[in-house]
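Only one chain comes next, encoded as structure tokens, the form predicted alone.
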Amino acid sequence: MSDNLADIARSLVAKGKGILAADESSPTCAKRFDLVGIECTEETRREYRELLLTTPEASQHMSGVIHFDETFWQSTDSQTFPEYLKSQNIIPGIKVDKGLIPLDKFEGEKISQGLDGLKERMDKYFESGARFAKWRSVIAIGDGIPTPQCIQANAFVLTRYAAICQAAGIVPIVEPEVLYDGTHTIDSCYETIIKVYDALFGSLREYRVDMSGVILKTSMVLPGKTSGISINYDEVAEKTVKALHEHLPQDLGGVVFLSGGQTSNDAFINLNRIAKLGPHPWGLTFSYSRALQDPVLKLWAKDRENKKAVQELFANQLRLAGAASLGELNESELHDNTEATKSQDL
């Protein structure tokens, strides 16, 4: 596996493959386990994630895995999870932000934290096998927000993180998530996303971050979940691609999408329609958590002994996402799935 940042970035967005976001914090994991009646302990979290990571067909459509710190140090019977993934030609990654705090004097807006001591943490993660990382900021749309100050503050934090990652030999995934929650229109989402892109990539350039070794993890351009406006897949694809093509640098290492509270079907179909509007200047794929895992977690909760069935379902979820990333998904293959996931984690 190459240690060149641009090579790693390209591998993460390789055709037909994408990234599993298995980086839910322990409190977030507890919420999801509670919904399906599973006790959330360190061992049940390890057991569930091992089931996903050791799925036999996973490497066909999974280029990388984002871990939470606890998971990064956990093991199968004989190998740490990063060691196991490397043996399967899957790149180990790590989430390194330490969550969100209020942006003082800006009601309803947040900023991410965790820069203190990040250099030392990144060096330790690199030595233990991590070759990419993720940092999430959030931008909410509402009455008078987002403010330019919130967008700029979060862009700066993402930039400092990205520079520290690259100095440690690790590809940064920068995630300025524009929240799907809200009553906003799709046009309001579009205007917000392009402001975020312009601020973020202007800041990355200003601080000399190597774009070829950066991946953007982004929301799609969507109407707010509580707006009463139905998702029009073709409109989502058109506006998302327009924002990407007109506001991202051509030399960017890649683009991955978050599912952000969409149903699995919506996340797959929207990605499929976006991919169909290519060619795109960069590799473009998925970095999904709930869109891949929701049905898998429910099946596991029903019968924890039937590991084969759970892994077969997860492999199929990856296959669907991989096909969607190529614009080759047979959308009629998807089963009815009208249950949206809960609001995004704040």
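Worth saying up front: this structure is predicted, and the values here are computed from it rather than measured. Residue indices: 1-based, along the sequence shown.
From this point on, the text means the form predicted together with a small molecule, which you will not see here.
(request) Check whether K239 has any heavy atom within 4.5 Å of a heavy atom of the small molecule in the predicted complex, and answer yes or no. (result) Contact with the small molecule, no.
(message) Under a 4.5 Å heavy atom criterion, is H184 part of the interface with the small molecule in the predicted complex?
(response) Contact with the small molecule, no.
(message) Please determine whether Y288 contacts the small molecule in the predicted complex, using a 4.5 Å cut-off between heavy atoms.
(response) Result yes; Y288 sits at the interface with the small molecule in the predicted complex.
(request) Although the small molecule is absent from this view, report whether P146 comes within 4.5 Å of it in the predicted complex, heavy atoms only. (result) It does not: once the small molecule is placed as it appears in the predicted complex, P146 has no heavy atom within 4.5 Å of it.
(message) Tell me which stretch of 173 to 181, 269 to 277, 104 to 112, 197 to 205 has a heavy atom within 4.5 angstroms of the small molecule in the predicted complex.
(response) Only one stretch qualifies here: 173 to 181.
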